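In structure tokens, the next block holds one chain alone, the form predicted alone.
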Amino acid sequence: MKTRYFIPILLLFTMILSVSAAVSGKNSIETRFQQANESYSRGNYQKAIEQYVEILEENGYSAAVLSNLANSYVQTGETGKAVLNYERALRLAPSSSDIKSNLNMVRKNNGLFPKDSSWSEQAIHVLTINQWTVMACIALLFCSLSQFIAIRGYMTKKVTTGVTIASIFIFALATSATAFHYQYFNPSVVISPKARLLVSPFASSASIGIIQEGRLIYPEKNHGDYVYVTDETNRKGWIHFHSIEAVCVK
């Protein structure tokens, strides 16, 4: 009889311990996050940075922590790391108006203006990569449903053709926009002040010029300690890999 009840009691006890540990862990993270926020409020930005970084290293990325970390870097004048962490926060919360506003303000204040976008690029950026992907899936679903309904005889051939053509057009548009977003989804950010853009991948190479801290760049290939990149103004050249950091860490 005792053995009969032992396993259920043991399982219940294990569940209670697991829930208690999870609640305790959550409270611990929230407490540490609040402590970091208090450091920021007191103007101790370097300590706040250290606390936010510790939270991220131990618990993974969070849009709120990344955004506050970026705010701290703004206060210490580390523009590159501020832009980097705002961009990371946007990957987790792409619709956040606060993060977008803060990022745009930092870029504006530091003259980090990209090249002018074409009307098609502006149209593509109206929706996020996730929203375009959902639209593509819905278009494909509508196309499939119209064919099924037509087979069952509930829709005329003319209507079926119209729905199919419209669905295929929207699917093609959405997949193209998704591909465009994906191409630029993971840029790197220049995190070093006065980083040089070089003609060739050698320290002694001629410099094309200084590339601004906080500038977005798109790596294409590596050679030794250097990465061949295109920046958001379409300048191309080699930059030392220590001067940049990817938004999405693999």
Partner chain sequence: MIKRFTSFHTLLFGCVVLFAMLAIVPARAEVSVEASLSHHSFPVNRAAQLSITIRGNSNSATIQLPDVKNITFHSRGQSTQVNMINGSYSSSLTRTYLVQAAKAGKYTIPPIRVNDGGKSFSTKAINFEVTPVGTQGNNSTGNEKTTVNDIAFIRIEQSGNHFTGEMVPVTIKAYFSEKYRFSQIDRPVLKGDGVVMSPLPEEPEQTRESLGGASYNVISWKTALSGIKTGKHPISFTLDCSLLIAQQRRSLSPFGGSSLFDDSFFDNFLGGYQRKSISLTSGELSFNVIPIPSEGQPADFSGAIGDFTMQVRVTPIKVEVGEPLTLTIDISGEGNFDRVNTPSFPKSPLWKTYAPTTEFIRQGSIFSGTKKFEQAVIAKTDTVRNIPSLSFTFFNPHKHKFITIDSGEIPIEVKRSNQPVQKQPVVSVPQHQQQLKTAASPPVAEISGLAPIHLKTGSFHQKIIPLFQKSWFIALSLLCFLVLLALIFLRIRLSNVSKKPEIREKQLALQLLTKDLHSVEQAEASGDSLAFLMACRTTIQNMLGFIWQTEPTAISLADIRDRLQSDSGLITIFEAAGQAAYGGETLSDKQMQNYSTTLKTELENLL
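All figures in this text were calculated on a predicted structure; none of them were measured in a lab. Numbering follows the first chain given and starts at 1.
Heads up, the form predicted together with the partner chain isn't pictured, but that's what we're talking about next.
Of 166, 123, 141, 172, the one that lies within 4.5 Å of the partner chain in the model of the complex (heavy atoms): Selected residue: 141.
Triple contact flag 113, 161 and 196 to the partner chain in the model of the complex, non-hydrogen atom at 4.5 angstroms: Every residue of the candidate spot has a heavy atom within 4.5 Å of the partner chain in the model of the complex.
Residue 190: touches the partner chain in the model of the complex, heavy atom cutoff 4.5 angstroms: Result no; residue 190 lies far from the partner chain in the model of the complex.
Distance check, residue 127 to the partner chain in the model of the complex, heavy atom within 4.5 Å: Looking in the model of the complex, residue contacts with the partner chain do not include residue 127, since no heavy atom lies within 4.5 Å.
Exercise: residue 51 in contact with the partner chain in the model of the complex, heavy atom 4.5 Å: Close contact is absent here: in the model of the complex, residue 51 is far from the partner chain, nothing within 4.5 Å, heavy atoms only.
Residue contact check: residue 30 to the partner chain in the model of the complex, 4.5 Å heavy atom: Residue-level check for residue 30: yes, a contact with the partner chain.
Stretch 123 to 137 - residues with a heavy atom within 4.5 Å of the partner chain in the model of the complex: Contacting residues: 129, 130, 133, 134, 137.
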